[in-house]
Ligand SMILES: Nc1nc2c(c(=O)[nH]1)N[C@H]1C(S)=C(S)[C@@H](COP(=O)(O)O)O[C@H]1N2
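In the form predicted alone, a lone chain appears below as structure tokens.
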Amino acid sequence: MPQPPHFPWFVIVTHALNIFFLLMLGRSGIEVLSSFPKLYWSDGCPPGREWARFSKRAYGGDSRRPWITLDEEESWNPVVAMPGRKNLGLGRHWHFLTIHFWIATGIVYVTLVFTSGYWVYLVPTSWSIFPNAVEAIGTYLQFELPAKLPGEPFNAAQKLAYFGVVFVLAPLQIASGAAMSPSVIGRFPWYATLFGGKQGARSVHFLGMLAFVGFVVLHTAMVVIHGLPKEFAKIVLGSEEANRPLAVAIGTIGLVLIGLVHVGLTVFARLRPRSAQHLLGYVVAPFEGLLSRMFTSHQNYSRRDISGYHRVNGYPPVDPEYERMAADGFRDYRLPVGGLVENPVSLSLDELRELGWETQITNHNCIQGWNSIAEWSGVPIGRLLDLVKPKPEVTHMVLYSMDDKGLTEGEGRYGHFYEAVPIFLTRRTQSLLALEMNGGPLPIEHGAPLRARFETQLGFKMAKWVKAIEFVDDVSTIGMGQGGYREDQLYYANSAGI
């Protein structure tokens, strides 16, 4: 069988695409990290126990001053983060959009690698590759260029590095990314344990990003050392014998264009965030929605798994009526449930309890990146649906909160918190209206008197301090019409399975 060309067309094309996609993934990943710039090896994320912190802000679990995890968020420069300046929602959109195309590029590349025979240049077939790679590295350290493997385009160190990036590092990034999805780890709780838990996966994912950065820096240095015009000729025109000045010109123009596209997309996202949310959502939302539909929570943690510290996101309501009810133990609290239902009701906490009672120990996953395991007890939402009987045209259950974000959050945002949840999620296993946490009354900071639990979704979907529930056939007339307060104000996706 004849040897395949050293630099076939598919290697040239996918190489260019990878430059663009990896830069997008890295910058958008940094934006996601900025929302919770701390890394842990174990779940629970107790303050002060992180192994890495990219912030000067420090908060303690025993702090006398109340604080929430949004206080830990950093505002990083758009030159580094995509799109920068506290834009977690759009950063996630860019990240998940790019993943689709990066994985598709990888599948095409690997398929062509094996069908074309190019794999012989990437896959080691002898253990001698390791001592040969060490020898090649030693030659570099002596400021000399090592010889290529016989009949191949790379030396042993290069071949081993490319094999590691393509067949080890890239799959590891995909696998660790999946281990951070609440839908995936809700359905398969064992999967995250392969990484030591969600936080272990998050740390592995971050280290994988650093490995990619290190590879790119070293790879670029090797291109310069081996001779920039010659290397450009290989990867741009497919042969070191090609027109080198032309290859350098085309390659330079290509890199400049990639930079300009990044600048343009960043400016677009920052100036037209709603348009960016909608355009990116056309690709991202169907995938996130599919995950939510496919997976039902199968979590069954034990009490010994309960986290010693459970972070808080969102300050409690500050209006006098809520404070009065809280001081009275919520004895006169009533939950109105209406909208497109056959039997609208208004229920006290005792009447809610009479509908049924379940307890579950599950993993709470915040969109910022932290997670904690806790025990939740309350009314299965399916029991409430049996009572009120939503009409066939209902598409969402809307949870309205007593939390006026103009008072508790500020930063130019306003309005009461609400979340619209697809009706199919409301009858899922472990969909709960929680009244208790960890064996006691639901604490005020965690949503008393009532909060929602949807265990394959991110935490922002689980509205706290619930004051009313409405069943609707359209969410476009509620709030700003995006399906929730965070979706309205911070451009989050309205599907929350990743």
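Since we're looking at a predicted model, the values are computed, not measured. Residue numbers here begin at 1 and follow the sequence given.
Here the subject shifts to the form predicted in complex with this ligand, a form of this protein not shown in this document.
When you look in the model of the complex, the only residue of K148, R353, R383, K405 with a non-hydrogen atom within 4.5 Å of this ligand is K405.
Interface residue among F471, F460, F36, Y40 relative to this ligand in the model of the complex, by the heavy atom within 4.5 Å criterion: F460.
Contact with this ligand, judged by heavy atoms within 4.5 Å in the model of the complex, is confined among 185 to 193, 263 to 271, 140 to 148, 305 to 313 to 305 to 313. With a 4.5 Å cutoff on heavy atoms, H364 counts as touching this ligand in the model of the complex. Although the partner is absent here, F96 lies well away from this ligand in the model of the complex, with no heavy atom inside 4.5 Å. Although the partner is absent here, E436 sits far enough away that none of its heavy atoms falls within 4.5 Å of this ligand in the model of the complex. Using a 4.5 Å cutoff between non-hydrogen atoms, R451 counts as a contact of this ligand in the model of the complex. The partner is not shown here, but in the model of the complex the stretch 416 to 454 reaches within 4.5 angstroms of this ligand through a heavy atom at F417, E445, H446, R451.
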